[in-house]
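Shown here is one chain on its own, the form predicted on its own, set out as structure tokens.
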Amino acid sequence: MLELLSRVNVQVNDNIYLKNPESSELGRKIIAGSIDLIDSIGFECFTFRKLGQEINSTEASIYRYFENKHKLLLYLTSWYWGWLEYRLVFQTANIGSPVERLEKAITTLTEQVEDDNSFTHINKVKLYHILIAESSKAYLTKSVDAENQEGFFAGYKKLVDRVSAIILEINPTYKYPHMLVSTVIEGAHHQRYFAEHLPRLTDSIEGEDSITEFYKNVVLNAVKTQ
């Protein structure tokens, strides 16, 4: 599977960037450096000036790829959702039972990400940290409606649609599949954050991934048929 994932070309809406960062060595350095820096100092403190210093380039050169740091965050989150959907497809491809596919999908959506070196310029562990701490800042903005019209969140929606379809395969009468799936994704991010920083807001059981097991329990009980 790692070999297949390494060949994946994750598509990002081309209106998010001015120049595709995958098209040049500098562009890939911008992506790699931004992941390192945002993971280190946080999105609020991140600037293109600091990124330029990090990658030994100029602030102006970064602006040739992205209009502002918000668009860069949109690129990183969009890339992650696209990659996660590919991963989910591979993980569930040969599973016949929809219940087992749903269990595997929940695991894929909620488990901690490990770097498999399938993309040499993207550290997926650090990118996952950014998703946990910063991803809501990509859409909790005054410009969200206009950006939604431009399709900037299509990758996230497609991922949710895919898992929602499995839920409806199990229980066609279940009324809230998209709400359930998006709650699992966002909730798992919050629980990972709590586990690291505010542990009294979550539960940790030795010998299991409590977050993944919790959401399996929630989802399977919610969608089960009588």
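Numbering starts at 1 and follows the sequence shown. In this text, all values refer to a predicted model and were calculated from it rather than measured experimentally.
Note that the form predicted in complex with another copy of the chain isn't included here; everything after this is about it.
J.: Report yes if any heavy atom of Y63 sits within 4.5 Å of a heavy atom of another copy of the chain in the predicted bound form; otherwise report no.
T.: So Y63 does not count as contacting another copy of the chain.
J.: Is there a heavy atom of K137 lying 4.5 Å or less from a heavy atom of another copy of the chain in the predicted bound form?
T.: So K137 counts as contacting another copy of the chain.
J.: Do Y17 and another copy of the chain share at least one heavy atom pair within 4.5 Å in the predicted bound form?
T.: No.
J.: Since only the chain is shown here, I'm wondering whether S97 would be in contact with another copy of the chain in the predicted bound form (any heavy atom pair within 4.5 Å).
T.: The answer is no: S97 has no heavy atom within 4.5 Å of another copy of the chain.
J.: Residues L198, E213 and N221 are flagged as a possible site; in the predicted bound form, is every one of them within 4.5 Å of another copy of the chain by some non-hydrogen atom?
T.: Yes, all three are in contact.
J.: Identify, from the list E67, E59, E44, E169, the residue with a heavy atom within 4.5 Å of another copy of the chain in the predicted bound form.
T.: Only one listed residue qualifies here, and that residue is E44.
J.: Between 140 to 157 and another copy of the chain in the predicted bound form, list the residues on our side with a heavy atom within 4.5 Å.
T.: Those in contact are L140, T141, K142, V144, D145, N148, F153, Y156, K157.
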